[in-house]
Structures are given as C-alpha cells and as structure tokens.
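Form predicted on its own, single chain, as structure tokens, below.
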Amino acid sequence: MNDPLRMKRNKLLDGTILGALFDLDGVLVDTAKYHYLAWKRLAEELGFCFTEADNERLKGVSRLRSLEILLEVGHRSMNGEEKAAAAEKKNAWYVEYLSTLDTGALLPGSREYLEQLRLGGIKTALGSASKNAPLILERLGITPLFDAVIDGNLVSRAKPDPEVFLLGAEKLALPPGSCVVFEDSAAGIEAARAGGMRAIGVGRPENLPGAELYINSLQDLL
C-alpha cells in the first residue's frame, strides 16, 4: 500500500466513521458475469444482441429498470405482465448460474476487511439492489459478518436514490454522516452522497465521480 492510500485509510477509521455499508456486486463478489449471461440469454430469446457494453448501463439499478434498459437496447416493448414474466425468467437463470458460487468467488480482501472493521468496533451493513443478496452472502459464507442486510426486497427506490443506504444506517442505529459507503457504480456513489455519507469508489475514478477515495479492491485497505 502506498503512503497516501495508507493515510486516507487511517483517516477513514479515525473515530468519525462508525458504520460501513457495502454494495455487493463488484465490491465483495463479482456476480456481474452471471447477471450478464442471464440478460444476454433473455435478449437472444427476444431476438436481439445484448453486449457487455450495453450491460454497463445495468450496474447498480433494479431488476425491473434493468429489463427496461434491455428492452430499449433491443427496441422492444412489453406490458406490465410481460415484464414481470421476463424479469422472473431472467432471475431464474441467474439463480441457476449462482449454483456454482462458493467462497472462492469473494473478491480480494473482502472477508479480511470486513473482519478487520468488526474487530475495530465498526458496524457493517450490506446495501444492494439484488433480491438474491441473502442467498449470495450465504454461499460466500459471510452472512455473520453483517449487522444488517438491506436488499431489493426491502426497498422500492433504486440507486441513485439513497433509500437503500439510509435504511442501512437506520438498521445500524447510526446517523448517515457517521457512515461510509463502498460502491463500484456511479449510481451508488451518487446515492451515498445524496444520503449524506462518505463514499469510496471501487474502480476507476473516471467512472465513479464524487468518491473521496478510489481503490482497486478492499485488499488495498488492509
């Protein structure tokens, strides 16, 4: 770890931060490939191509909004009932792909950093749009490392709305200003800032405007 990063990391843990909220995909685990395979499979069934570049637009947004973006890409339309059926089909394929997930899928430093925070007395919460978050955490073996899990089953507004993170802070019984959010999407960074929280971007700075610190993975903070 270089010195500037070490100094910023120490500043994050200087006593002003009491809670850490984590996005799931791209921060703790890479399930994006499974999402992409399922969306691509749905697009192919509908008769059009859905590329990895197209898939970038789906990061950090809800399943229904992701479907709407996919339909925009393919210049297709569906009524509400058709959308519900298509979204359910995609999710069934995604869960099928998740059957191969295990602890080896954790991104570098994820478990170690969560354990370090908890040893330091910092509360932890998950803030994800995924309705499959509890299943994923169970397969990764890290459910006990969270004091609260806020997923797509508990919120109605997708990022960049701050609902998921504000609810996370509430579940931790902490004021938003004492929490830091770890995110890999621009929508997630915007949501954290809108909620009055500090934000750490996991990824390239040009893709995550508004974060106060950028890391490649949680491994950088160990």
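As the structure is a computational prediction, the values presented were derived from the model and not from experiment. In case it trips you up, residue 1 is the first one in the sequence shown, and so on.
One more form of this protein should be noted, the form predicted together with a small molecule, which is absent from this view; the next part is about it.
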Exercise. Which single stretch, out of 90 to 98, 139 to 147, 111 to 119, 74 to 82, brings residue heavy atoms within 4.5 Å of the small molecule in the predicted bound form?
Worked result: 90 to 98
For this session: Heavy atom within 4.5 Å of the small molecule in the predicted bound form: which of L154, L174, V61, A38 fits that? Just give me the one.
Result: V61
For this session: Answer yes if any heavy atom of L208 is within 4.5 Å of a heavy atom of the small molecule in the predicted bound form; otherwise answer no.
Result: no
Exercise. At the 4.5 Å heavy atom threshold, is T124 in contact with the small molecule in the predicted bound form?
Worked result: no
Exercise. Do S178 and the small molecule share at least one heavy atom pair within 4.5 Å in the predicted bound form?
Worked result: no
For this session: State yes or no: in the predicted bound form, is some non-hydrogen atom of I17 no more than 4.5 angstroms from a non-hydrogen atom of the small molecule?
Result: no
